[in-house]
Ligand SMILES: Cc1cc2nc3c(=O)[nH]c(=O)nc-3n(C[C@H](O)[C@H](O)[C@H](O)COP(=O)(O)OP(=O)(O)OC[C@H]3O[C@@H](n4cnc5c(N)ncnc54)[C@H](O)[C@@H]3O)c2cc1C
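Take a look at this single chain, the form predicted alone, given in C-alpha cells.
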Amino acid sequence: MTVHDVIVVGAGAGGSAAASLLARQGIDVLLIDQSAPPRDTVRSDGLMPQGIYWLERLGCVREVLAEAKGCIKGCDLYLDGRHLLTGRFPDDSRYPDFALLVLRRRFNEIMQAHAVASGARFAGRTTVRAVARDGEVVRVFADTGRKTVEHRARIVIGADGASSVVSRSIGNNLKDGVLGLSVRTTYAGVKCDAGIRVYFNRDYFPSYGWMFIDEHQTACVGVGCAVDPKFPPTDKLGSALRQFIDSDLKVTLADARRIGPFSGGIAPHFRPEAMTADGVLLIGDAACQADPLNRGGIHTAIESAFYAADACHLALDAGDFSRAALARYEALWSAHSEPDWRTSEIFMSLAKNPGLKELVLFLLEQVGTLGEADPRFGGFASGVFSGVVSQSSWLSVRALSEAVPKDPAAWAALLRENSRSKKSVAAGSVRLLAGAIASAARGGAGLARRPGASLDWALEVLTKAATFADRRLSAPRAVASPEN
C-alpha cells in the first residue's frame, strides 16, 4: 500500500493551503475532503486583510481578487440602531488596507484547485471515519460512497473543522470550552452601499449581528454568540436572527428578498489539549484557532498552514515524525499568533457574562464615539477588532499611549456627545461619570444575582490573564517565520 508523505484531511482554506505549500516542494501530498455540495451557494463571506496577505504569499490572490464581489475599506459599527463609528483598516501595517467579499463556494473551489495545480492529489467525496498511529505510519480510514478505504501517510494534517475526526483521534474533547455559534442567511436587492456592518443591541447582547453587502446588492446577514456552560444563551440563534432582521435591519431590508436558507456554523474558541501528536498536527478550526474576538477563521487557518508546512518539511527531511519533531509547528504558532489569540480570549470572557452587559456596552459606546471624533484612534480600535492591529496592543501601555487621541477637540466631542443637548462639555462630563458609575453598579448587581456562576467566571478570567502574563514573561525569542 502506498504511503504518502502527508495526508491533509479537509480541503477548506487551511487544508488546501497546507497541501499547496507542501506539494510545490515536491512532497507527496494527498488531500481528502467530503466535497459535499454547499448548502448555500449564494453567500458571500468577508475575507479580512490578513487573509489577502497570506493568499498573496500562497500565490493565488489574483484568482480570488478576480472573483471578489466587493472591495471594502472599512466597517460601520452600530449600537441599538444608532451609528457609532466608521472604522477604516489602517494603511501602515503589513496587511492591505481593504477586505474582500467573496462567494464562499468559489473561494473554496479556488483554494482546492490551487492545491491540485501545485501537485497535490485530491480524493473527493471521501469521509474520514478514524485516524490511528501504527508504527511509523498513520492510517486514515474513510468511506468513499459505499466503499471503505484506507490511506497511509507519514504525517496527517487535520484541517477538518470544528468537529474534527483527526482532533478526536489524538484525545481532544471537542466540547471542552467556549464555542462560537452563528446562524446566517442571504438577501438580494439590499438598497445600500457595499460594506461591512456590525450591530450590537441590548436586546440580544452578548450576541451580535452583522451584514456583509456586496457590489451586487446581495447581503450575508447573521448573528453570532459565544456558548458557555456557565452562561447558556437564553434564546435560540434562529430567533435572535429574526429579531435582528426585524429590528436593526427593518429599514435596510424593507425591499430586499431572502434568497438563501438559514444555515449554522460553529467555531471552538478554546485551546485544545493537544495541537500535535506523533505523526499528527491540527490547523485552523480543528486546532481551535479562529479569532475569539471577531470569530474570523479563514486567515488564521491559512496562516497556521504556513507554520504546519514548515514543520512537516523539516520532519520529513529528518525522517522523524514524532511529536517532538513536529513541535516546531506549535512553537511557530505560539510565537506569532498566541499572544493575540489569548488577548482576544480574555476580551471574549469579559463580554460573554450577561451581568456585565451594561458596562461592556457603555465602554463600547465611548470607544466608538471617541473613534469617530479621532480617525487615528478609530483606525486603531477597528484594527484591533479585525485583528489587523495586534490585539494585545490593548494591553500595551506604549501602544495605547500612541493611539489615544492627543487633540483635546476629540475628548471635547466625546463629552458633548454624552450631554443631553450634545453641546455642553461640562454637562457631558457629569453625565459620562454618572453613566460609568451606573453601568459599573448594574454590572456588580448582575454578578451578584448569580454568585456561583460569577465566581467561576472570575476565576476563569483570572486564570486566563495569569496564563497570558506567564507566557508573555517566559516566552523565548520569536521563532523565525517560514519563508515562502
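No experiment lies behind these values; they were computed from the predicted model shown. So that there is no doubt, residue numbering starts at 1 and follows the sequence shown.
Although it is not shown, the form predicted together with the ligand is what the next lines describe.
- Annotated contacts: 15, 34 and 296 all touch the ligand in the predicted bound form [non-hydrogen atom within 4.5 angstroms].
- Between 328-336, 149-157, 76-84, 279-287, the stretch whose residues reach within 4.5 angstroms of the ligand in the predicted bound form through a non-hydrogen atom is 279-287.
- Contact annotation: of the candidates 161, 387, 379, 354, the single residue with a non-hydrogen atom within 4.5 angstroms of the ligand in the predicted bound form is 161.
- This chain lacks the partner; the member of 244, 212, 321, 306 within 4.5 angstroms of the ligand in the predicted bound form by a non-hydrogen atom is 212.
- Taking the partner from the other structure, the ligand in the predicted bound form has no heavy atom within 4.5 Å of any heavy atom of residue 28.
- Using a 4.5 angstroms limit between non-hydrogen atoms, residue 375 is distant from the ligand in the predicted bound form.
- Residue contact check for residue 46: one or more of its heavy atoms lie within 4.5 Å of the ligand in the predicted bound form.
- In the predicted bound form, residue 127 approaches the ligand with a heavy atom inside 4.5 Å.
- Contacts between stretch 251-274 and the ligand, counted in the predicted bound form as any heavy atom lying within 4.5 Å, involve 265, 266, listed in sequence order.
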